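In structure tokens, one chain follows: the form predicted on its own.
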Amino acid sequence: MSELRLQRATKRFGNLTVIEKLDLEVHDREFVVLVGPSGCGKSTLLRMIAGLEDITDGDLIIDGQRMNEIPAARRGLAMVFQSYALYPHMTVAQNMSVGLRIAGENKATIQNKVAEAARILQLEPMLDRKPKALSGGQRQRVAIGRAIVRNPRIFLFDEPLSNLDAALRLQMRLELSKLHDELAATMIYVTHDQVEAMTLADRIVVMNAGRIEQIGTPEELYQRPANLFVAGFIGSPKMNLVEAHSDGNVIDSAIGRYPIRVAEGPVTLGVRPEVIRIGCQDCSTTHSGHVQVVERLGANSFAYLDVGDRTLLTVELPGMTSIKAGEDLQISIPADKVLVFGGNGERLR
């Protein structure tokens, strides 16, 4: 497969800059996920890589070759879109092979490539069906098969699962992960769903307003977010963010006082819901919270606590908890589990 590098890549539409001086490296056989809120520029960046959007400034380099002026059809990339874009009058086999037939590939080669893609995607019993006879997940697999038969340098996915229901999204996430392993392929995947990102990625690129906020493994982004944006975006439910104040030696907040030394001034504390303890007898710092709502999800539950100072805290509880709305709980948070963000939003600790 291949590797890719973007150097100070910029995209402008008139006076509007949507991608600004962006640097990114994607390694051979790596699964990289671009994630961020709607409008952050992730799909535009993917289209720039694919050749569907011109690069205003900067360079796109694939396997050492500058690709800015190379037409999309000659970049050796395959893109899978949010829409399946299948021809309704063609069979699965015909839909998968349409690009090869247009390119003039011989029939034997086409048959072999389609058969291999169908085996990988478990589409063999469906090759003679038309799209109307397929489920949404099966149609998306046909669209992926159409990309596989081209044997591309790099696969590009633009929110391919967003049209599927929750159960199919889970199934397709598992299939995409297995597909990446079987093909040993380089893949770049765009989504706004951070659960997809955490499930699929070797590395995640968190984007915001045309910039990269942080690049790292799912574990790095979850445990050590670089700033408040990443802390609030990665994780479901998201990290608790609590306004606080440091006197230089101690941080005072609605969830307690912590002997953490950072520069004097306003700070924000970050606490994951699963690190909060209930009824800790041996903890030096405890705080009371009033339960507003409880979500019982089976294997775990989430309680939303009013801890004062307009702060609502999400707490993860094991199993189908007996705790009810209206109760008061004592909570504690180990100081070594508390992240601290400065006034500029960057993580200090």
Partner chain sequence: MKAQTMRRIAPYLFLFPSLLLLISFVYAPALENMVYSLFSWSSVRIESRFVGLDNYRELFASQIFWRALVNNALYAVISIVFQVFFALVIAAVLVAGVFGPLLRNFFRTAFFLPSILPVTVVGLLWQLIYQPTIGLIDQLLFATGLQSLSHVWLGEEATVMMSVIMVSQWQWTGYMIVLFMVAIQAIPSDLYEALRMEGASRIQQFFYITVPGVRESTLILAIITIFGAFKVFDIIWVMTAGGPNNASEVLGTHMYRSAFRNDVSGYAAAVATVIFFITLAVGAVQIRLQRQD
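All values derive from a computational prediction rather than experimental measurement. Note that the rigid core is defined as the largest set of C-alphas that superpose within 1.5 Å between two forms. Positions refer to the first chain, counted from 1.
Only in words, not in the display: the form predicted together with its partner chain, which the text now covers.
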{"query": "The unique member of 229, 222, 81, 258 whose heavy atoms fall within 4.5 Å of its partner chain in the predicted bound form", "finding": "81"}
{"query": "Interface residue in the predicted bound form among 174, 184, 167, 73, criterion: non-hydrogen atom within 4.5 angstroms of its partner chain", "finding": "73"}
{"query": "Any non-hydrogen atom of residue 146 within 4.5 angstroms of its partner chain in the predicted bound form", "finding": "yes"}
{"query": "4.5 Å heavy atom contact, residue 98 and its partner chain in the predicted bound form", "finding": "yes"}
{"query": "Non-hydrogen atom contact residue 269 with its partner chain in the predicted bound form at 4.5 angstroms", "finding": "no"}
{"query": "Contact label in the predicted bound form: residue 47 to its partner chain, heavy atom within 4.5 Å", "finding": "yes"}
{"query": "Interface segment, criterion being heavy atoms within 4.5 Å of its partner chain in the predicted bound form, picked from 23-31, 51-59, 304-312, 291-299", "finding": "51-59"}
{"query": "Heavy atom of each of 85, 90 and 150 within 4.5 Å of its partner chain in the predicted bound form", "finding": "yes"}
{"query": "Residues of 102-117 having any heavy atom within 4.5 Å of its partner chain in the predicted bound form, listed in sequence order", "finding": "102"}
{"query": "Large Cα move at residue 91 between the shown form and the other one, threshold 2 Å, rigid core", "finding": "yes"}
